[in-house]
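A single chain, nothing else alongside it, follows as structure tokens in the form predicted alone.
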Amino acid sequence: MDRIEHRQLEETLFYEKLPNGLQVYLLPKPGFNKTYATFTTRYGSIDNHFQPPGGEKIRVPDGIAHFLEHKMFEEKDGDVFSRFSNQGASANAFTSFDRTAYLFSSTGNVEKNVTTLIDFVQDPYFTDPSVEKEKGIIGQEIRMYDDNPDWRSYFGLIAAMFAEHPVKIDIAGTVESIAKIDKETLYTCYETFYHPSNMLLFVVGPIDPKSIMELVRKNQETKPFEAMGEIKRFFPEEPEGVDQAKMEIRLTVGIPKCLFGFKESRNEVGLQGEELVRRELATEVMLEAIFGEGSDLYQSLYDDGLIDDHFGYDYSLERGYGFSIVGGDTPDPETLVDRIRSALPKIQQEGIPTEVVDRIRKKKTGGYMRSLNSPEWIANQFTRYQFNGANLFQVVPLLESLSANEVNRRLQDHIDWDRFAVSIVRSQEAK
């Protein structure tokens, strides 16, 4: 077991790659009460076209990664939630574009809960009747999100930006796509993506790393896993520009919702490791300088009643895709977008001053340091960075070393009107 010291952050990480390929990271947090563990596979909603090692190329129905996540909690003798509950733990899971994570939090019975977490994820149990039953449950979930204005405006913007990439498809799929899922396809996806060599276990809390690592080693030694080759994933070629400049949806809303943003350039979406983190941080600082509450633009839009406290921004940069999303509720989407279109060229021309970059860097550094007190945040972010060849604990030193030049390069590169799209949700009655 390797011991990795991060002296600046006063954190010590323990790591071991087991013979079956499973990566195990343990972060002791003396003084904490809660332990949080995630068992994550590098398999998300965008992985709908792939070739299993030694197998044929296959295209699976949209939403199957999320469907599989649902089915994993079902066991031959009931469901695993009750077992976690009896052991004093709260369990959950989520599927994103890139990964599927299973997790628990508890203040006791940590070793028992770690064992339960690993065992249920490594013991799939699907039957034809239960798969058919799940289609009804997930179908209701999909219909519920179809009526959610925030969800529709979010995916409306992504769908406007991307012409071909599967990131434009709702993570849960559609009622029509999940109707095509069967038990055999679920097992194919499971056997391809849930091999230990494609997974990462992370445990953070008041733990003894030696005893937890020994428990995981022994657990994995009892389970036979054949060596796994490379999983080939296929993605269509995505045009540089957006697919549609504007997407509009009619729903029952009191105040219209308006999201806008820039699709990331193809030059940026293949980054990994430290380079990816630096690009991500520089973009976040740039967006905060333009759209953050301390910016002149934010204050001007707020004073004119075009935005409210829900206005915000986000940035995603992953393998194969990237985009910024800005916006919120507004009484007048067209005027808001016009104001953005007229303000950004001037900001690009003048650049972001060094003192503004320094102020935002310090603010973000403080935010990261506070987040390191949250086991949930650490676990979820740590796995995401590892899957991208990066290290969560690099973030603070990289943020501290970020220069105003890097932030201003992002201002010039990311703000490209050929890669700009708008998503509006307004009421049925609105003109």
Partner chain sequence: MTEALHFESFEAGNARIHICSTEKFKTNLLMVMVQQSLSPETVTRHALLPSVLQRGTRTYPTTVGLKRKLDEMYGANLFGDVTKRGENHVMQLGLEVANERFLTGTSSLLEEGAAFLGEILTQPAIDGERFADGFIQSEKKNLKQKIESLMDDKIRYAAHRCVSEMCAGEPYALFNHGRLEDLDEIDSENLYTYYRELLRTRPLDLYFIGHLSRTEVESLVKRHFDVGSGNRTPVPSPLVQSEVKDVKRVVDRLDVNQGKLNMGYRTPVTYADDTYPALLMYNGILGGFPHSKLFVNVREKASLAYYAASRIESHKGILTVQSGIEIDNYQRAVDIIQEQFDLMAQGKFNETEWSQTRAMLINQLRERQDRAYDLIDAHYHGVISGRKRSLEQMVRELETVTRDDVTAIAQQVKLDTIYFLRDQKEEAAHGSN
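Computed from a prediction, not measured in an experiment: that's the story for all the values here. Positions refer to the first chain, counted from 1.
Quick note: we don't show the form predicted together with its partner chain, though the next part is all about it.
| field | Of Thr100, Thr192, Ser324, Ser106, the one that lies within 4.5 Å of its partner chain in the predicted bound form (heavy atoms) | value | Spelling it out, the residue with a heavy atom inside the cut-off is Ser106.
| request: Tell me, out of Arg42, His49, Lys34, Arg384, which residue has a non-hydrogen atom within 4.5 angstroms of its partner chain in the predicted bound form. | output: Flagged contact: Lys34.
| Has each of Lys57, Asn219 and Met228 got a heavy atom lying within 4.5 angstroms of its partner chain in the predicted bound form? | No, none of Lys57, Asn219 and Met228 comes within 4.5 Å of its partner chain in the predicted bound form.
| query | Residues in which of 268-276, 180-188, 119-127, 330-338 have heavy atoms within 4.5 Å of its partner chain in the predicted bound form? | reply | Result of the contact check: 330-338.
| task | Please run the contact check for Phe235 against its partner chain in the predicted bound form: heavy atoms, 4.5 angstroms, yes or no? | result | Flag for Phe235 set to no.
| For Leu18, is any heavy atom within 4.5 Å of its partner chain in the predicted bound form, or not? | Result no; Leu18 lies far from its partner chain in the predicted bound form.
| query | Would Pro224 count as touching its partner chain in the predicted bound form under a 4.5 Å heavy atom rule? | reply | Contact with its partner chain, no.
| task | With heavy atoms only and a cut-off of 4.5 Å, decide whether Leu9 touches its partner chain in the predicted bound form. | result | Yes, Leu9 sits close enough to its partner chain in the predicted bound form that at least one of its heavy atoms falls within 4.5 Å.
| request: Let me know which residues along 121-157 have a heavy atom within 4.5 Å of its partner chain in the predicted bound form, or say none if there are none. | output: In sequence order, Lys133, Glu134, Gly136, Ile137, Gln140, Glu141, Arg143, Met144, Asp146, Asp147, Pro149 come within 4.5 Å of the partner.
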